[in-house]
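Taking the form predicted alone, here's one chain by itself in structure tokens.
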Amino acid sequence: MTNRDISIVTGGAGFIGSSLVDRLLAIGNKVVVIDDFSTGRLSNLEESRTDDEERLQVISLDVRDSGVTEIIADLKPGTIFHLAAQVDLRHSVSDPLFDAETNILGTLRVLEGARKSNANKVVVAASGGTLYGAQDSGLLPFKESLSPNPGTPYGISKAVTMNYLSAYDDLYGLDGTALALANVYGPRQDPHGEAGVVAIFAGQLLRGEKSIIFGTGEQTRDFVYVDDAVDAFIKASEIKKTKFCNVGTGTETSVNDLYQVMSSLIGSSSQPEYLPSRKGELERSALDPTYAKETLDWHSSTSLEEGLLRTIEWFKKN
């Protein structure tokens, strides 16, 4: 097996990353996971480690470490999926330096490794909602042609990441694609970061606890199921010269509606408690998936109710 059959997944023990690892192994790739386990869990890879021990290697390392560049340069992988990140919007506001070190310096460590190893492709996870930021609601769902307007350190770090990705293509010929992810949810979801509301509601409703909604609950998000997001990563790795692409459904769902659907699926009559809204959170967000259909031949195929049902069933068992 040549090194070009190797896929590296940074953040591969995380919620989306581990689902991507499962898929890569299923299609026959050899996978190297780089994760510092600050938020990712080894248990997310348990099944893959058992079934594909020979084709899966797990390296515990912080993406900010210079060793990341050395490992990638030595392995000479075909594709690098870069998902390791500081993903909590509120933490980026309270500690912007750590956010920049992880999301900007960490990305540079990965890109330098990719450049030195002459990798075929780098696919980077960006954040759609925080990247576009507050925009005229008449422009919803947001298209890729819209100028970024990040209002938080997290959003800024993702915008800078995209600029570096473009520069590495122009300067070194490194082919990279940034996927602007909507609010990804599903099994293994960590209740941190913006999309963590699904995991939080699932846990609270199943335990019979009162859920908290910040603000009016009429703020909207675009929820995309994790398996559909993984499809987009795989498709992006197979195409050339698409620098930036939305991965969303184009549909707005309010937090109130999300709660009502989930409580109905679980059979709970509990009503949420409302607290003041939190600094830095957007009122409305949805990503136009048209360009993804044109360039990646991708669209979200899992309905919100179906995805939530699968997620709730996983939380019941875990």
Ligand SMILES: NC(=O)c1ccc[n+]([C@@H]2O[C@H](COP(=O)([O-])OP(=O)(O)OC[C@H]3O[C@@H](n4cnc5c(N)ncnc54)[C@H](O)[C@@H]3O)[C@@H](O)[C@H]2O)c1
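Each residue number is its position in the shown sequence, starting from 1. All values reported here derive from a predicted model rather than from experimental measurement.
Separately, the form predicted in complex with the ligand exists; it is not shown, and the next lines address it.
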Answer option from 119, 125, 131, 245, heavy atom within 4.5 Å of the ligand in the model of the complex: 125
Listed residue that, although the ligand is not shown, lies within 4.5 Å of it in the model of the complex (heavy atoms), from 201, 81, 154, 142: 154
Candidate stretches 162-170, 179-187, 210-218, 235-243 - the one whose heavy atoms come within 4.5 Å of the ligand in the model of the complex: 179-187
4.5 Å heavy atom contact, residue 252 and the ligand in the model of the complex: no
In the model of the complex, residue 37 touching the ligand (heavy atom, 4.5 Å): yes
Contact label in the model of the complex: residue 62 to the ligand, heavy atom within 4.5 Å: yes
Residue 13, heavy atom within 4.5 angstroms of the ligand in the model of the complex: yes
